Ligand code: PXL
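One chain is shown next in structure tokens, namely the form predicted alone.
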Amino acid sequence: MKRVAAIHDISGFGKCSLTVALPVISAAGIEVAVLPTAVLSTHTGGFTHFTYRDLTEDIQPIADHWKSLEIKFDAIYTGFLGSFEQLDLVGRFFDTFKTGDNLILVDPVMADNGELYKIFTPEFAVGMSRLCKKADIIVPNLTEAALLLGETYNPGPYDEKYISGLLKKLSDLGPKQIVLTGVFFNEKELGAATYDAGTGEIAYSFENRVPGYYHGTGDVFGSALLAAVMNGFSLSEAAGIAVRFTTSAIRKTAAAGTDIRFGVNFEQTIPEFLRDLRID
């Protein structure tokens, strides 16, 4: 059985980060070891008065214990990191547990819709770009891509020339495989673009856009993408699987009228996801 180290925060309510990564990746037949970076009562999108416990001081002791047990990982998957110190600690974790045949996937969670999250400064984006240099795959949205590259955010719609340029510049940071989310060439479709520097392939995957903004979809997408890659699918195939899974979960949420703060109904979409992965 393959094993992933998932380094994310955990929100007790509101499906995102570890409460998404653990069930989605596990359902795909992959063991998940979790390293929480913080514990929150709810996620921060749309909720107020949430509790927050920082776990920065626990990260290195957990890593040291795992190292003493000689635990090996087939992949390392990171999401929201709350400080420069956590960036440094996770970079050290990569150095400790990277092998010749495992992969590191970094989701540089720090911004959306043209804006950096309020808890971060522009300097944090510079630190995140250094962490991305250690990754094999990065999964930024368009806002995060602009920040990583030190460019002005473009709200779209986009064209293939612009997207292909972004993908190649992101790969120049260090990672050889790029998955760019939130890509659209018209207002009817939304999806992702992929670039594999090894083959030079650029590919796109789109689904019909569902109106509205839904929390936690980046974590649903990233977790599904990693699960598909680890089940032997190419980067472009994995992105297609992740786009379909995420969009289907959004559609189910919209149809049910679920409060968008509560996250998307990915649980009801897992059977479709497993069929896409060809897992019985």
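Since this is a predicted model, take the numbers as computed values, not measurements. In case it trips you up, residue 1 is the first one in the sequence shown, and so on.
Omitted from view is the form predicted together with the ligand, to which the following refers.
Site annotation in the predicted bound form: the residue of S248, N231, T44, S236 reaching within 4.5 Å of the ligand with a heavy atom is T44.
A heavy atom within 4.5 Å of the ligand in the predicted bound form is found for one listed residue only; from V183, A75, V109, L167, this is V109. Remark: S11 counts among the residues lining the ligand in the predicted bound form, judged by a heavy atom distance of 4.5 Å or less. With a 4.5 Å cutoff on heavy atoms, C16 counts as touching the ligand in the predicted bound form. Although the partner is absent here, L35 sits far enough away that none of its heavy atoms falls within 4.5 Å of the ligand in the predicted bound form. Though the partner is left out of this view, L40 does reach within 4.5 Å of the ligand in the predicted bound form, counting heavy atoms only. Heavy atoms within 4.5 Å of the ligand in the predicted bound form belong, among the stretches 213-221, 249-257, 236-244, 62-70, to residues of 213-221. Residues are counted as partner-facing when one of their heavy atoms sits within 4.5 Å of the ligand in the predicted bound form; in 58-91 only F80 qualifies.
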